[in-house]
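Only one chain comes next, encoded as structure tokens, the form predicted alone.
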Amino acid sequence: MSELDGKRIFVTGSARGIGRAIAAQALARGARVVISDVDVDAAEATCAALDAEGTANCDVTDEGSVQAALEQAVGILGGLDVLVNNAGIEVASPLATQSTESFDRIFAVNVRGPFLMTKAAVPHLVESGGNIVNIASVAGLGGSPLLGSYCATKAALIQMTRVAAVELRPSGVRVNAVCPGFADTSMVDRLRPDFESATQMPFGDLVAAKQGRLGTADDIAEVVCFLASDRATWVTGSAYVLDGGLTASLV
């Protein structure tokens, strides 16, 4: 039997990138997965390509949209065992010049989104004895130029993970986070020019020096699948760092 055999999983932001890799690996391990993304067409294409159970698209910043998508997913799957809060955005800007609108937007997606999804999912997860995996970042563990608001949102998500784990432990629901370093994703690609400008260093050299290589979406999906599985039944409130040693090194 595969480690996620029969697990009913809902992954936000899963039309592409890390979310898609999580969905693909979960399906390969026997799970039943519903794809969700704000990009409806991309979600439908991913669902067809992966042969997932269906789609339940939503804007994670909108409570009504979240509630409707969660109920749709539960209807498709017949219940819920795992919520993966993956949907997120980045903003590259010095804090002193960042617009208030973009600051509010990143918090709405990266913090309010997982909060709303968690609220909607908890009754179903209590029923199944399920769990939540939040996709955070090493940016939530330390500061980085140009990513002040992004760092703040991921720090908030890590803390929300810890509190939710303690609050939901009596109900049998586990809550964990993963904290990737630089990974080979479109988000990191968009940040390359800004980081090179800020550090005066080629991005490839920066990555090689700090973490050895770029991570992959599959590297992250592997750990998410472990945390979602029954192999991790005594793991809750944890924030798993996946960064090739980036945060372990002082030089």
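Just so you know, these numbers come straight off a predicted model, no measurement behind them. Numbers for residues come from their place in the sequence shown, where the first is 1.
One more form of this protein, predicted in complex with a small molecule, exists but is not displayed; see below.
- The closest non-hydrogen atom of Q200 lies beyond 4.5 Å of the small molecule in the model of the complex.
- Residue contact with the small molecule in the model of the complex: R174 places no heavy atom within 4.5 Å of it.
- Remark: L95 does not count among the residues lining the small molecule in the model of the complex, judged by a heavy atom distance of 4.5 Å or less.
- Although the partner is absent here, A87 lies within 4.5 Å of the small molecule in the model of the complex, judged by heavy atoms.
- In summary, the region of this chain contacting the small molecule in the model of the complex, judged by heavy atoms within 4.5 Å and restricted to 221 to 229, 30 to 38, 47 to 55, 192 to 200, corresponds to 30 to 38.
- Taking a 4.5 Å heavy atom cutoff to the small molecule in the model of the complex, the contact residue among V207, A26, V60, A69 is V60.
- A single residue from the set L116, I135, A73, I132 has any heavy atom within 4.5 angstroms of the small molecule in the model of the complex; that residue is I135.
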